[in-house]
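Only one chain is shown below, in structure tokens, and it's the form predicted alone.
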Amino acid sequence: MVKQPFEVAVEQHGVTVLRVCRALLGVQDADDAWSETFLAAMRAYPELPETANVEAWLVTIARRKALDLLRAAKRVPLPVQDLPEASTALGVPGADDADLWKLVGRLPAKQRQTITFRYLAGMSYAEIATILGGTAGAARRASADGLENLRKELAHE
């Protein structure tokens, strides 16, 4: 197997990485995380083994960049002014399901991440376990718990 050029990896997996970044961060910070993900990936890509799962590797980098941005945001004071944030549907499947995604955003971190990786990025539970740590069974359990919590919340609405 010959490793494809980096530009091809960006074309093939760019949308998936953007979806993951948006699910974890929101629209504004997601674009920054997406850019930082591919800058870091471009530097490391020559060392990536040819047999590596490029999508899982990129999602792992995206998750780490998202966490970096979340940590950095906690340290920076934000100006307080309640302006409505315009959202875009770019890269968000089912973007008309805003209420559902608000509920997903309220899930515990591991449930939210497994649902994001499984249903937005289309990753297997084994790939999710590689990213989050733990086993594929634990990732499946967290996803099932998250779905159950979503069903309960939707039943109350």
Partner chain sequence: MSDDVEKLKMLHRRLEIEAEAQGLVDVAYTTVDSPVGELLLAATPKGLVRIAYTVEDHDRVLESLAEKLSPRILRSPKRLDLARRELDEYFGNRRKRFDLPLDLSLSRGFRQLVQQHLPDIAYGQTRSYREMAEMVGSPRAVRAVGTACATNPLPVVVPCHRVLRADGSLGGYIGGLAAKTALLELESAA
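Numbering follows the first chain given and starts at 1. Remember, it's a predicted structure, so these values are computed and weren't measured experimentally.
Keep in mind that the form predicted in complex with the partner chain is not shown, yet the notes after this line are about it.
S.K.: Just one of V54, M42, L100, A126 has a heavy atom within 4.5 angstroms of the partner chain in the model of the complex, so which one?
M.R.: Spelling it out, the residue with a heavy atom inside the cut-off is M42.
S.K.: Taking the partner chain as it sits in the model of the complex, is G14 in contact with it (heavy atom to heavy atom, 4.5 Å or less)?
M.R.: Output for G14 is yes: heavy atoms within 4.5 Å of the partner chain.
S.K.: How about L147: is it within 4.5 Å of the partner chain in the model of the complex, going by heavy atoms?
M.R.: Output for L147 is no: heavy atoms all beyond 4.5 Å of the partner chain.
S.K.: Tell me, yes or no, whether A136 is in contact with the partner chain in the model of the complex, where a contact means a heavy atom of each within 4.5 Å.
M.R.: No, A136 is distant from the partner.
S.K.: Determine whether any heavy atom of L18 comes within 4.5 Å of a heavy atom of the partner chain in the model of the complex, and answer yes or no.
M.R.: Looking in the model of the complex, residue contacts with the partner chain include L18, since a heavy atom lies within 4.5 Å.
S.K.: Specify the contacting stretch among 107-115, 127-135, 60-68, 33-41, defined as having any heavy atom within 4.5 Å of the partner chain in the model of the complex.
M.R.: Residues of 33-41 come within 4.5 Å of the partner.
S.K.: What are the residues of 4-27, in order along the chain, with a heavy atom within 4.5 Å of the partner chain in the model of the complex?
M.R.: Contacts from 4-27: Q4, P5, F6, E7, V10, E11, G14, V15, L18, R19, R22.
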